[in-house]
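One chain comes next, on its own, written as structure tokens: the form predicted alone.
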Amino acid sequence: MNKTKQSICIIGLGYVGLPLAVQSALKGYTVYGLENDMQKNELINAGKSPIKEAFLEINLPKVKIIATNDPSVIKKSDVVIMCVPTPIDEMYMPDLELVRIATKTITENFNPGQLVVIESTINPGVCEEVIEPIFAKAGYVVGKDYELAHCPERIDPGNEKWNVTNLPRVVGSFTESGLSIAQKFYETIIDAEIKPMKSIREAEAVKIMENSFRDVNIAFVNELAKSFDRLGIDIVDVIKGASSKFSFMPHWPSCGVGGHCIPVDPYYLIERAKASGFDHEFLKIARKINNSMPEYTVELMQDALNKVKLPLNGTIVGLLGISYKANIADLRESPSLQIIKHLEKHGANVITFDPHTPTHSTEKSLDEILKKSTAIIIATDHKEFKDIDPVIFKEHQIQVIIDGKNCLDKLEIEKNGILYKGIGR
């Protein structure tokens, strides 16, 4: 592809689409962003990132992204990349409505010869069973009027080493020509290997497998954490010991699994396999275990308060951290939101503070929340929380700390007369 003559339209300028848009513009492409959030568009067009992320904050001011809610920009584009969310509902059922809407929008603003790439996370079969039929209904034939490919997004918000510029990718397509075009396109914007897959369904399965693998292993250590807690064994020490073997891959227990990928993607495979007559028992068990961790964290708090002769009902519990991951402002599927619900269900007076999501915090500062709290739950291992001197907890008369991320110094906290409880320690 001759990048000097290519224009790209990215549908959805969120955590996936915006970094891709910026990277594409850095590589010389004309980039349109189709986004319904007008406030976000205004910021992007002014060179300001609506997402707190180093790569975006450094590079967005250097490039021009034409962000708009006008779908006619699709007609101006040689490549259209779909980066819309694919959530699950309250019953853990996959919701592909935004994918369907985006696909229909492409067909209504079609430019013959376009390469259409789906980066949104989808289960195996969606390109064949959902997306291609919408194009066919509009009268467009894949491999003739357009090429359809899937390149599952890979992004790790807050990771200083791996980002959209250097993460290896996989790509699959309906046709050999589509595969070649898509691979060559991604090779012009990403400084890493682009691995071609034999089919578009294989490409769809890659992302689901990656995140299901992590979910299963996290569930394994979360279950061990519950077991070791009964046995009086510190799971953090055990994991460090097991890591001395070359073949061991350490995963760490916590108060829950958050983000848009790990707690969501397994359900896409579970439901699609069920439709084909296969029951993913292992994945369902892993999801059940990981979904139980916020409630388990609250149970630890209740037990710890009982030991200091306090009830959970009516006690002021300060929750440190609302985002799902350290040092970012992403609340998607955050375990903290479930912890709050379980605390309130038991009558606790819950107050919150997260320096990265101040608008979602009830308190304005760390000092303020510590002054008001009797007990603390560390729900996100932000640097600001990991660096707290245990003496400060003592000065604020904190009686109980539940370390949902096992990120604090257990011995130092206990030396200061505070009841400490981690996940599996």
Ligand code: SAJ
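Numbers for residues come from their place in the sequence shown, where the first is 1. Owing to the predicted nature of the structure, the values given are computational and were not obtained by experimental measurement.
There is also a form predicted together with this ligand; it is not shown, and the following applies to it.
Participant: Residue-level question: is residue 94 within 4.5 Å of this ligand in the predicted bound form, judged on heavy atoms?
Facilitator: No - in the predicted bound form, heavy atoms of residue 94 and this ligand never come within 4.5 Å of each other.
Participant: State yes or no: in the predicted bound form, is some non-hydrogen atom of residue 237 no more than 4.5 angstroms from a non-hydrogen atom of this ligand?
Facilitator: Result no; residue 237 lies far from this ligand in the predicted bound form.
Participant: Spell out, yes or no, whether the shortest heavy atom distance between residue 346 and this ligand in the predicted bound form is within 4.5 Å.
Facilitator: Residue-level check for residue 346: no, no contact with this ligand.
Participant: Indicate whether this ligand has at least one heavy atom within 4.5 Å of a heavy atom of residue 324 in the predicted bound form.
Facilitator: Within the cut-off, so yes.
Participant: Considering 310, 273, 134, 167, which brings a non-hydrogen atom within 4.5 Å of this ligand in the predicted bound form?
Facilitator: Exactly one residue meets the criterion: 167.
Participant: Heavy atom within 4.5 Å of this ligand in the predicted bound form: which of 178, 318, 258, 294 fits that? Just give me the one.
Facilitator: Selected residue: 258.
Participant: Among the candidate stretches 143-151, 296-304, 261-269, 240-248, which one is within 4.5 Å of this ligand in the predicted bound form when only heavy atoms are counted?
Facilitator: Looking at the other structure, the answer is 261-269.
Participant: For the spot marked by 289, 342 and 424, is every residue within 4.5 Å of this ligand in the predicted bound form through some heavy atom?
Facilitator: None of them does, since no heavy atom lies within 4.5 Å of the partner.
Participant: Going through 155-191, which residues have a heavy atom within 4.5 Å of this ligand in the predicted bound form? Please give them in sequence order.
Facilitator: Result: 155, 156, 157, 167.
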